[in-house]
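Considered here are two forms of the same protein chain, supplied as structure tokens in two stand-alone entries, structure 1 and structure 2.
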Structure 1
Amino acid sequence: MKKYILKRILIMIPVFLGMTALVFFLSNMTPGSPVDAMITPEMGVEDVEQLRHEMGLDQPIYVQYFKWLERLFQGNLGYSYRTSNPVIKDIGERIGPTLILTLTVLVVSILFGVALGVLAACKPYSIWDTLASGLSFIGSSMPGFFIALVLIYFFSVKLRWLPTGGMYTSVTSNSFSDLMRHMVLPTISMSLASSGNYIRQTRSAMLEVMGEEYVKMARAKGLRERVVLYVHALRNAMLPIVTCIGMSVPGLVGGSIIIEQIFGWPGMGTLMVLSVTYRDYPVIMGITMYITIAVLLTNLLMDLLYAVLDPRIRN
């Protein structure tokens, strides 16, 4: 087991280096340098050179990347070109809202998807099955931003039930119920797409498990159908569902960038879009790093969960 965990952790290192290096080199390939934005008419060529030197931009790219890595391990991600704040501070303010939103979406879509998937697998080719499969199909074909806009149009503009965006109505009204009201539409627009995968996975995993001997055995013992379904069958169908959770995280992060932008959610997604428009590379790099770490950690967590659920994998 120890060896398994160690192996998983060791694999993460090249992935992390590869990902950050890729984004670093790419953002440095952009035409125009961050210094351009800081040049004032009074500055001479030497001042510009001085500025480039201070920012370390006169060195080869790989040296800059290693410098970036070195500073990273000292907990320094540099300063935002846009706000001049430390990148850690700018991103730090945004992590909370993004985590709240994405974790809610993750939980909602797993619960919703697994429930519908089980329902569909209980009675294959029934009306419920068709509905669930149809929903999963349409859900994953719909662009989240269009769903979001349609939801805003109906529920915020026409019916005036829910707010059009933001996280709280005002600075003073930061109550839990206010937060919930603001979360409803972003959560629905993201969950519709991501629950589709869970519906499909759960359905096929359950169908496979339902034919097994131990399910027949459980039925033969006279257990109630609900116990057979949720205790005996679903537990063994969990493995592919866990894989699905791990695979859905990158999509979730991508989806949250667009959804945050629409709802003006003060998270990392809006910051990312802002930073890309302003070419604020330290922040882009910082966000990339946080996302990479988050993705790698969830993958590790899923691998461990996998090993817990399935003893055969540990060897």
Structure 2
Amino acid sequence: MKKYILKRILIMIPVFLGMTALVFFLSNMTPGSPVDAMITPEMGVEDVEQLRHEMGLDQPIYVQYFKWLERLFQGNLGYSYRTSNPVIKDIGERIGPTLILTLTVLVVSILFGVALGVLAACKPYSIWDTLASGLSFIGSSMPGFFIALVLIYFFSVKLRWLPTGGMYTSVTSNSFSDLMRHMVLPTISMSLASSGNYIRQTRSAMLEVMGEEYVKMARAKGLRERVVLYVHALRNAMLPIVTCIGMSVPGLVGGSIIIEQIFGWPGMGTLMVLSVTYRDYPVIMGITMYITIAVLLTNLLMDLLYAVLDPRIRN
């Protein structure tokens, strides 16, 4: 098992370097420069070039990237061009709201999607199967931002039941109940897309497993239907479901950037959009690093779950 874990960790290193290098080069190749936002009417050409030199933007891109890597290994992500604050400080203020939203969406979508998928497989062609197929179709076909706009129109504009955006109503009303009210619409918007895939994958895997001989044998022994479903059938159907969960995490992280922007959620997504607008390269790279590490650790966790569910994978 230790050899298996070490192998997966070693694979993560080139993936991390490749991802950060790709984002760094693409960010620097986009039109515009951070210096453009700092130019004043009093500055001449020499002043602009001096500013570029002080920021290190006059060096080749690959040199800038290796210097960023050197600072990263020293625990220094640099300073924001926009706010002049340490990048760690700016990201630290936003990472909490993003974690709250994404983890909530992940838990809700898994519980809802797997439960409804199991129910649809147990009762094929019933009302539950029709409902599961409909929700799966909606979640898979409609983009999250469109669902978010529809929910805002009905529940915020027309019915006035829920707030249109933000994390709290005001600075003083930062209660848990107020947070929950603001999380309802973003959570539903992001959960529908993810849970649609989980429903479809769970239903398919369960239908395949429930036709196996060991499930029929468990029923023949007189075991309770709940034991047959969750101990014998669902456990053996979890491998493709775990694969689906692992593959949906990058999309969940990418979708959170759009949803946070729509709902004005004060997370890393809104900070990312703001940083791209101002060409704030240090913050862009800092957010990329955190997102890449989060996705890689999630994939490592999925690999460990594979090994637990199917010991043959360890070899």
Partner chain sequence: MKNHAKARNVFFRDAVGRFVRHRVAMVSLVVLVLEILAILLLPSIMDLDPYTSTPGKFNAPPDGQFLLGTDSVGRDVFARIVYGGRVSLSVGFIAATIGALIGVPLGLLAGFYDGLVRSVIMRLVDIFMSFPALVIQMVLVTVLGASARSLMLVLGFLGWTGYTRLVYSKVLSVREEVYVEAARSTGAPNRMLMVKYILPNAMAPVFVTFSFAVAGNILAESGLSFLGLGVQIPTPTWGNMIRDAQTLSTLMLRPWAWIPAGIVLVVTVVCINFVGDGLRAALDPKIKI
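Take the two forms, superpose them, and find the largest set of C-alpha atoms that agree within 1.5 Å; that set is the rigid core. For numbering, take structure 1's sequence and count from 1. As the structure is a computational prediction, the values presented were derived from the model and not from experiment.
- Between the two copies of this chain, it is structure 2 that is the form predicted alone.
- Once both forms are fitted on their rigid core, the CA atom of residue 48 lies 2 Å or more apart between the two structures.
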